[in-house]
Every structure is written in C-alpha cells, then in structure tokens.
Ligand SMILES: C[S@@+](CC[C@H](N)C(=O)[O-])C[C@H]1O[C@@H](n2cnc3c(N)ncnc32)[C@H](O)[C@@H]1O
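Below, in structure tokens: the form predicted on its own, a single chain.
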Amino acid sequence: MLPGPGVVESMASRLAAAGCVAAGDEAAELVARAPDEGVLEAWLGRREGGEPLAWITGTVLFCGRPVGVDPGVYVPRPQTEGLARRAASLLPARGRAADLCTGAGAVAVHLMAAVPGALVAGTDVDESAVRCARRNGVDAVVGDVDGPLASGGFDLVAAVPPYVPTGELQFLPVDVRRYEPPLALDGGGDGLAVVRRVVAGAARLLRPGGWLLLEVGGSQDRLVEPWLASSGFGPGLAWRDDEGDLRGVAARLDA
C-alpha cells in the first residue's frame, strides 16, 4: 500500500531539490504508477539521479495517448506534438506516411490513431528504438533515414531527426547528456547533417504534392530553405511555440 496524504508533496520537494522542473507533476505520476512503497522509493531514487521519468514508468503521454518508452530510447517531447498534429491534418484518409527517425514511434502512433485508414511506416538506425516502436504497434524497420522504403508512394513524410549542433550539446540539461542516446541528439557541426539527408530522402519518397514535416530549432528554418528548394520543395512554412521558439518546418513537394 502506498503512503497516505502528503506523499506527493514530500516527493515533489525531493525532486525539486534534485533539479526537476516539473517536480509536482512528476511526483504525482510516480505515486500514481508505483505498485508499492518499495518500488516508489526505488523509482524516486532513479529520478533524483536524472534518469528520464518515461524510462522509469515505461510510458509517456503524447498527444493524449500513452506511448511505451524503453530504457535507452529517446523520450518523445511535448514540443513534438505540434508536428504530429499538423502531420495528421495533412495525411489523406487512406494515405501513406513515413515517420523517419521514428524513435519510440510516438508520431507514427498519433498518425495511426488520428487517421485510422492510413498506412504508416517508421524507420530508425537504432535497433532498440525500432523494437520499442514495434511494441507500440508501428510498422518500423531498422535503416538510415529513408533507405529501407520504396520511392514515390508516400503522401507525407514526418521526421524528428537529431538537430542539435555538436558544439551545443554541452548546453543540454545534465540528465539529457548523461542518459539519452547521442544518436538522437547530435546533428553534426551545424546541426543539419541528418536533416539534409531527410530532405533528400523525403523528395525521393513523396509523390508530387506530398508534404514533409521536419522538426528543427533555433534559426534552422532559414538554413534548411536552400536544401528544400534544391530538392524540389516549395517554400518552407515554419511554426513556433507560444514562446516564439521555432519548432518545425513544413514544405510541399512541387507537383
């Protein structure tokens, strides 16, 4: 039996002292999910050490749906929900979508739920991520960006590639640097090493008029524009969060 009233506040204080930003919410989730006091204390200790909450509980909410996340797999971010929802609004009822760099498969899971008649495939270079995505019901395969997929038959390509410039990885939160897979974070010198390959791959995968939705940050919308144009896409349409930070770019392949 779990401890009585006041346990959430006590746990939240410990998490806040460990540097957790959303200490109250995380404490409430740990208390709600732990089957007994011993497990709760063990989970709390792991979180105090910086281990991602989703690895501890095994799931994360994404677009209101639970998505399984195995230890070692990149944790889907709330900031990516905007991309997932935009992608779902652009995917035809019986269309085909590719989720490149799928990770745990969160974007693909949302697309399948929001557009039940669509066919959605995912790719990732990380075998652990692909196994996790498959457990989440995604038709995922191991491969680099677009490599495993056939050309020309997709209505939409979504991608959350690594886009943090190598030199800026040091500025990420300590627990992210300590625990999360570098493959999912490190975008090379300018942050766009994988992004450029995603753009070229999307141009190969998409039918004329199909959409690419790409997560990027900082000022990368301007940097990626020449690559979109040279690959046959129209002007990129950027979107931002409520704080004005860039969250992604959508572009349509010219017909």
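So that there is no doubt, residue numbering starts at 1 and follows the sequence shown. Quick caveat: nothing in here was measured; it's all calculated off a predicted structure.
The form predicted in complex with the ligand exists for this protein as well; it is not shown, and the discussion that follows is about that form.
- Interface residue remark: Val125 is counted as part of the site for the ligand in the model of the complex, having a heavy atom within 4.5 Å.
- In the model of the complex, the ligand sits beyond 4.5 Å of every heavy atom of Gly82.
- Interface membership of Ala184, defined by any non-hydrogen atom within 4.5 Å of the ligand in the model of the complex, is confirmed.
- In the model of the complex, Cys101 approaches the ligand with a heavy atom inside 4.5 Å.
- Contact with the ligand in the model of the complex, defined as a heavy atom within 4.5 Å, is made by all three of Val145, Val160 and Arg197.
- The stretch among 226-234, 29-37, 189-197, 43-51 whose residues place heavy atoms within 4.5 Å of the ligand in the model of the complex is 189-197.
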